[in-house]
Every structure is written in C-alpha cells, then in structure tokens.
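What follows are structure tokens for two forms of the same protein chain, given separately as structure 1 and structure 2.
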Structure 1
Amino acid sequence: MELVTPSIGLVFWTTLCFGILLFLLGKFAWKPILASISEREKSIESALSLAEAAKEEMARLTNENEQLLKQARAERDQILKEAKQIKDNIINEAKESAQTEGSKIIERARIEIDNQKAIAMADVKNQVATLSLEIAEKVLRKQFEDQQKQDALIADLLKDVKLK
C-alpha cells in the first residue's frame, strides 16, 4: 500500500518543478529549437523546389537547344541545297552560253573562210587568165617568129576570105 500511496511532498515538488521546467524549456529551448527546425525544413523545402525548378529549366533549355540545333541543321541543309542548285544553274548557263558563243564564232569563221576562199579563187582565176594569156602570147610569139609561117597563116586567112 505504501508504494501506491502518493506522498503529498513529492506531489508538491513535482508540480512546482515540472511547472518551472515546462516554462523554462518552453520559453528558452523548445520555442527556438522548433522554430529553427521548421525554418530549416522550410529552407530545405524551398531549396529542393528551387532545384526542381532549375532542373525543369535545364530540361527546357536543353530541349530548346535541341530544337535550335535541329532548326539550324535544317537551315544549313536548305542553304546547301540552294547553293547546289545555284551552282548547277550557273554551270548550265555557262555551258549554254559557251556553246552558243562557240557556234557563233565557228559560224563567223566559216563565213570568213568562205570569203577568203572566194577572194582566193578570184585571185587564182585572174592569175590563171594572166598566165594563159602570157603562155598564149609566148606560144604565138614562137609561132610567128618565122616569116614564112606568118605568111602562110596570112595566106591561109586570106584564102578563107576569098572563099567568101
């Protein structure tokens, strides 16, 4: 029975001491401790959410970069393609113009050649005529060096004339 009978003295001192302990710890220990714990938790929470946001931002940026890169690549391909087309066009045009120019030159050359040929032919003809005349003259001269022959010829000619 002794054990389960609370003694008034101990009840008194426990009440007093527990009250003081509760007040002192509550004011000077629990309040600051709990406040700084919850503050730290909040800061951890905000740091975590910040990290999460940074991660999202990072993902977004990476995505954007990828997109940009893709776009740039497509643009580059486009440019290259266009350049190739332009090059081909230029080459084709050059080829064409070269061809027409060449044919023009050839045509002109042909005309020139024809002209020259005609001139040469005419020249040759003149020369041939001159030469022929000279030759004929020389032949005639040879023929008529001899007086008899001249006389014979004249006689011959005159004969023809008599007949008429």
Structure 2
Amino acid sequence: MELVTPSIGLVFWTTLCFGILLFLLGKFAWKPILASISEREKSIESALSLAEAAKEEMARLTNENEQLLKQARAERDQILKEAKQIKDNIINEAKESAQTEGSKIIERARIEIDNQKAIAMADVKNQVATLSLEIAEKVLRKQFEDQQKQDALIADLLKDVKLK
C-alpha cells in the first residue's frame, strides 16, 4: 500500500515544485503565452474582418460589373437602333432619289416624244402641202383641157388621200 499512498515528504516536495513552477510560469511564461494568444486572436479577427471586407468588396464589384454589363447592353441596343434608323433613312433617300430620277427621265421622254410628234406632224403637214400643191398643179393643167376630166381627177385624188 505504500506505493499507492504517497509519503508526506513526497507531497511536500511535489507541492513545493509545483508552486515554484507555477510562480515561474506566472512570472515568465504566462504573459508571453497570453500575449501570443491575444495576438493570435487579434490576427484571426483581423483576417476575418479582411475576409468580410473582401467579400463585401467582391459583392460590390459583382454588382458594379452587372450594372456595367446592363449599361453596355443598353448602349449596344441604342447603337443597333440608331444603325437601323440610319439604314432605313439611307434606303428611303435612295428610293426617293430613284423615284425623282425616274420621274425626270419619264418627263424628258415625254418631252422628247412630244418633240418627235411635233416634228412628225410638221413633216406630215409639209408632205400634205407639197401633195396639195402637186394636186393643184395637176388640176390647173387639166383645168384648161377638160372640166369633166378635172372633176374626175379631183375625185380620184381625194379618194387616194386620207387624213387622220
């Protein structure tokens, strides 16, 4: 039983060693250990706050990126809309220009047709005048010969000439 129950001397020396160890640890080790633990707590808190700040910054940047993306899409849509309007304006101007040119060409063709028609009518009038003179000349020559022949000739000539 002696092994299980310690003697008074052993208890005294163990208590004394423990007290000295506790005093030495309290004097030299506890402060640096507690300071180290406190510093570690502060660094962990600092790292956590930095992580939280980084998380908030990341959320802010993500939100900012989404807004920039929305703006870019809106600008793209605006540019496409303006390009479509410009295209439509160019097409409309080209159509109007083509119609104006077509109208001018048609008007020039009408004027040319009218001019050609006037020239043709003048030519026909000249031919009719020449023909009339020839008929008058023939009538006058025949008039001196025989009145019945002259009437028959005029009738024949009038049958041959048709005015439109």
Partner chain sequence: MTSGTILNSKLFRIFFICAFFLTAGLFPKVTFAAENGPDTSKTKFDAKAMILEHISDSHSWPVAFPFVKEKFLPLPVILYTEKGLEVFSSDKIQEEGSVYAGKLHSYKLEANHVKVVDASGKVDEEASKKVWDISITRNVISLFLSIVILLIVFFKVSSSYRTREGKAPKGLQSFLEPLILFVRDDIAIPNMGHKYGRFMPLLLTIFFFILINNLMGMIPFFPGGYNLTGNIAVTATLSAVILLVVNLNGNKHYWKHIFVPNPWWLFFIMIPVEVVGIISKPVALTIRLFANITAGHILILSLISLIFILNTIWVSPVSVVFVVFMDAIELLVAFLQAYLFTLLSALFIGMAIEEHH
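We call the rigid core the largest set of C-alpha positions that still match within 1.5 Å between the two forms. Predicted model only: the values in this text are computed from it and were never measured. Please note that residue numbering is based on structure 1, beginning with 1 at the start of its sequence.
Between the two isolated copies of the chain, the form predicted alone corresponds to structure 2. After superposing the rigid core, the Cα of residue 99 is displaced by less than 2 Å between the two structures. Shown in the overlay between the two structures, fitted on the rigid core, is a CA shift at residue 117 of 2 Å or greater.
After superposition on the rigid core, the Cα of residue 25 moves by less than 2 Å between the two structures.
Once the core of the two forms is superposed, the Cα of residue 16 has moved 6.4 Å between the two structures.
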